[in-house]
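A single chain, nothing else alongside it, follows as structure tokens in the form predicted on its own.
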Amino acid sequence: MTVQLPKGTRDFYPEDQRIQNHIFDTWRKACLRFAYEEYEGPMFEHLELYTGKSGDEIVKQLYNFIDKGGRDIALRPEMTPTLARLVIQKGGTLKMPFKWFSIPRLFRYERTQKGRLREFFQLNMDIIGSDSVYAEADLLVGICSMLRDFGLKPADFVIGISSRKLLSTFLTELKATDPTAVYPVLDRRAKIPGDIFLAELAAAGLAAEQVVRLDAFMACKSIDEVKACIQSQDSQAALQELEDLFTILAHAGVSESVALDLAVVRGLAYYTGIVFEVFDRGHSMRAVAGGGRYDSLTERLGGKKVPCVGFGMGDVVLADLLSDRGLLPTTGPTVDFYLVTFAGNMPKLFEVAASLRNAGCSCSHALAPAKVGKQMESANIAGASRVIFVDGDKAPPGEYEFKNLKDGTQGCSTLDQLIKEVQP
């Protein structure tokens, strides 16, 4: 029997897990700094939670099965439907608005490629119960702050911002017969040849004149350029929301990290307002993050309408970007103390180790009597800061011989003093 890693999944050996922990820790600290609270949900849900949101065609992208009770179940492909269900279940008992985040493990049955796997982790940040553009601003400033925490600079990434509301009102101006058929085509605009793009717009019901106007609209790079393209009051109101958002972001000091990008459409049908995607500046890889306003999702799933805005940031593309910029941690394992015995005094090792761990320090030691040289080698492999010799004959009563593996100094000291030196 040959046991292989399932396609589209990853193993996390300790060196890989250290990188993953760095990503998770940075995500979590940034979320807490912006006063988001952490939540979680089950790794699988009833299938209808996803078909109710996206239709039956979503099933081909899921890992789904019938459980022993005959229920249709799916491993979660995204977190937003679970969040919507949580909001619906609590009804009016949740004090709104509130800000939540989660770091779920997700599953999607699709073709694996660079930046896209079948099993992955994703940071989700959402604001529930606010219909103000300040909610979008809070999320976008949070993204910029978080990416800076990873060491990325404005020259490394850009957040493209658009509006599904503006696009909808403009399609109404064009008298598009089926706007819902146009959105998926526009979402693929940057990924397909121009002639195919135009052909798909025609197939979506747009005449040649409508295509010309729409293409000119999508090419706009500034608010003023958009103003010259639109006519209706509804379009002007949607554009004003975008203009207000950019003004807020300027006051927050993140203007150099954001840009108007009407090519950002987002394929999911439940988006209702401002949408955005995060890319590396060269657009050399998939979007690092994406999201927007989805005010109708709870209603679509059978609850009351609740304004919501949020985004997801996958760990796979983020790690690729950090690796490309040389920003992934390269440190090995670390431990505060490694205990060494000259005489094979294992009971003494466990006694001293207990004292150190009870004081909040990390420590390790051999699990069987070994030569001192072998123990010192293990101390280096473990990344120990200091070695304590538990049964040396040079230390005065109440003290222990030690060696600092960082600078090579050695001497004798009490456990209390050694503990103080390694604790922040």
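In case it trips you up, residue 1 is the first one in the sequence shown, and so on. We call the rigid core whatever largest set of C-alpha positions still superposes within 1.5 Å between the two forms. What you are looking at is a predicted structure, and each value in this text was computed from that prediction instead of being measured.
Form predicted together with the RNA: not shown, discussed below.
Checking 25 to 33, 39 to 47, 354 to 362, 370 to 378 against the RNA in the predicted bound form, the stretch whose residues place heavy atoms within 4.5 Å of it is 370 to 378.
Heavy atoms of A366 never reach within 4.5 Å of the RNA in the predicted bound form, leaving it off the interface. In the predicted bound form, none of the heavy atoms of D67 sits within 4.5 Å of a heavy atom of the RNA.
In the predicted bound form, at least one heavy atom of F342 sits within 4.5 Å of the RNA. T112 belongs to the set of residues with a heavy atom inside 4.5 Å of the RNA in the predicted bound form. When the RNA is considered in the predicted bound form, only one residue from D280, E173, D295, E78 comes within 4.5 Å through any heavy atom, namely E78. This chain is drawn without the RNA; in the predicted bound form, the residue among R189, R325, R286, K227 with a heavy atom within 4.5 Å of it is R286. With respect to the RNA in the predicted bound form, the three residues R108, E401 and G408 uniformly fall within 4.5 angstroms at the level of their nearest heavy atom. Relative to the superposed core, E200 undergoes a C-alpha shift of no less than 2 Å between the shown form and the other one.
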